[in-house]
Ligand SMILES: Cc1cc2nc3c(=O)[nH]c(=O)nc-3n(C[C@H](O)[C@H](O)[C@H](O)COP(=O)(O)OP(=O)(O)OC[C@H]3O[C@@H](n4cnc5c(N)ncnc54)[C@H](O)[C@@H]3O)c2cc1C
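Take a look at this single chain in structure tokens; it is the form predicted on its own.
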Amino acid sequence: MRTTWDLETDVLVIGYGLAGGVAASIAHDGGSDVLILEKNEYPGGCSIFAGGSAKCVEDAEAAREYLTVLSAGRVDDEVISAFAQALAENEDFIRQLAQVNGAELKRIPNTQGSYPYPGRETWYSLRIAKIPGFEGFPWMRCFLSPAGVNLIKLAMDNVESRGIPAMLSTPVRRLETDDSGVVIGAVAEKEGRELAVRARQAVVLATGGFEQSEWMRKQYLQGMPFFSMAPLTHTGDGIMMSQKVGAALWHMWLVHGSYGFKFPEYQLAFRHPFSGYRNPKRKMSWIVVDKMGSRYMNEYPPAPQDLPHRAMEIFDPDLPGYPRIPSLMIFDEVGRKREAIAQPLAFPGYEYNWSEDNSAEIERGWIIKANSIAELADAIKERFPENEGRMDAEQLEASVREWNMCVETGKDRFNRPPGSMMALATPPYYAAQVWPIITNTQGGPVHNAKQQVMDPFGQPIPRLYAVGELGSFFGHLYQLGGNIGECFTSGKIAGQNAAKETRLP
């Protein structure tokens, strides 16, 4: 057991994204001294890239009913009830936090639950529309909207207004326990040396997921390979640290993600541009086919950036391999001119602007073109070795013919909305490889209704809490905006309970 420390605090928060910032602020309001340690050189985590809408509910009981179906038995009733109740309090709580900087909040219309389950109507989204005088961080660029950046600004302003110190570029390497297994602090690294920090009350893990850990992706996800657009610092540190002190894990298989693009020139993946809730009248200019040229999915499901990756993960032992990883996005000249097929998100040093008409990406060789579908099949075999030469010209031609008939009839066997359909009939034709893409992971240490980390025998690990996407609530289906809503609910619950822990002498 360690007896010497470089720093001491009451509550140590590891990770400075939205959930970590909220937990730190609420623990401070409970009377605790708080210190934040952050691995990256700036705050934000995945939240800074978010569309920025936090889920709230009008009625906790209706939300509980919806969440019970959404969870499919993978979450305890007590945790479901606590989450539902906190979501019902979320708008008032966020408005309270917004008093620090006058942030303007707006309810977003038509943002009920993503799926047709009982209680769907009680859900809605709350967004920070504007923060007076704030025009963004000089080190951060957001391609979707400023809403995710505004979330982190809200968290930072609350932290800074309370005088809570935050040490950046300070990765935590391990947790420290006493001889009976009580978590009493952590050891970090700062400028090449160890920094031991004692936590007299509790440690709150807010380190995010394992999006950028290749080893964890291989162990916990069915399909291979997955790529991610999350910060490169998200390598599952909190998962491993919690395991070391006895945590059980849950929801490791579930990711919030879709299909998109990955190129050797860039460490981050790029997502396709259809985000948020499905608009059944918005035209989508492409179809997706497997390595042989067969279409197999609804390219535009109710949550376009959430479920499509699941259809890609099938394994065929007769190949052997994954016939749908990578897949091919197929579109024509009309589709090429319509809009960019990708929507990159980026952080400093990894920015990329995708051309509106996709012409620059054709020049780069990321998108290939041909004068006919048969020629496109041949070009795919030549240009994309990952396709393993399996593309069948006759099959691809048949898939395109079938698709064009679907467009004519307005009926698709994969249930794509008729209003989204566009024929593939104007040469030249184009193809780009698409892969399973992770926006963020949901797995991590199991937590109870108090956000306490649990061991495999259902007992809380003393003085250890987890918040945000680190062991998220979601274990079967993800609710759009749910992780942002959960950052507020879990941060509040963990902060309150951490501040109630008896101070160690």
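Start at 1 with the first residue shown and count on from there. Values in this document were obtained by computation on a predicted structure and should not be read as measured data.
Keep in mind that the form predicted in complex with the ligand is not shown, yet the notes after this line are about it.
### Task
Consider the chain as shown here, without its partner, and state which of H272, H256, R324, R295 has a heavy atom within 4.5 Å of the ligand in the model of the complex.
So the residue touching the ligand in the model of the complex, by this definition, is H256.
### Query
Just one of A82, L195, M241, I184 has a heavy atom within 4.5 Å of the ligand in the model of the complex. Which one?
The residue from A82, L195, M241, I184 that makes the contact is M241.
### Message
Taking the ligand in the model of the complex, would V203, V446 and Q451 all count as contacting it (heavy atom within 4.5 Å)?
### Response
No: no residue has a heavy atom within 4.5 Å of the partner.
### Query
At the 4.5 Å heavy atom threshold, is H234 in contact with the ligand in the model of the complex?
Residue-level check for H234: yes, a contact with the ligand.
### Query
Would H28 show up as a contact with the ligand in the model of the complex if we use heavy atoms at 4.5 Å?
Judged by the heavy-atom cut-off of 4.5 Å, H28 is well away from the ligand in the model of the complex.
### Message
Check L18 for me: does it contact the ligand in the model of the complex (non-hydrogen atoms, 4.5 angstroms)?
### Response
The answer is yes: L18 has a heavy atom within 4.5 Å of the ligand.
### Query
Does at least one non-hydrogen atom of Y66 fall within 4.5 angstroms of the ligand in the model of the complex?
Residue-level check for Y66: no, no contact with the ligand.
#### Entry: One stretch from 295-303, 309-317, 226-234, 423-431 that, in the model of the complex, holds residues within 4.5 Å of the ligand by heavy atom
Single hit among the candidates: 226-234.
### Query
Even though the chain is shown alone, can you say which residues of 35-52 have a heavy atom within 4.5 Å of the ligand in the model of the complex?
Contacts from 35-52: L37, E38, K39, N40, G44, G45, C46, S47, F49, A50, G51, G52.
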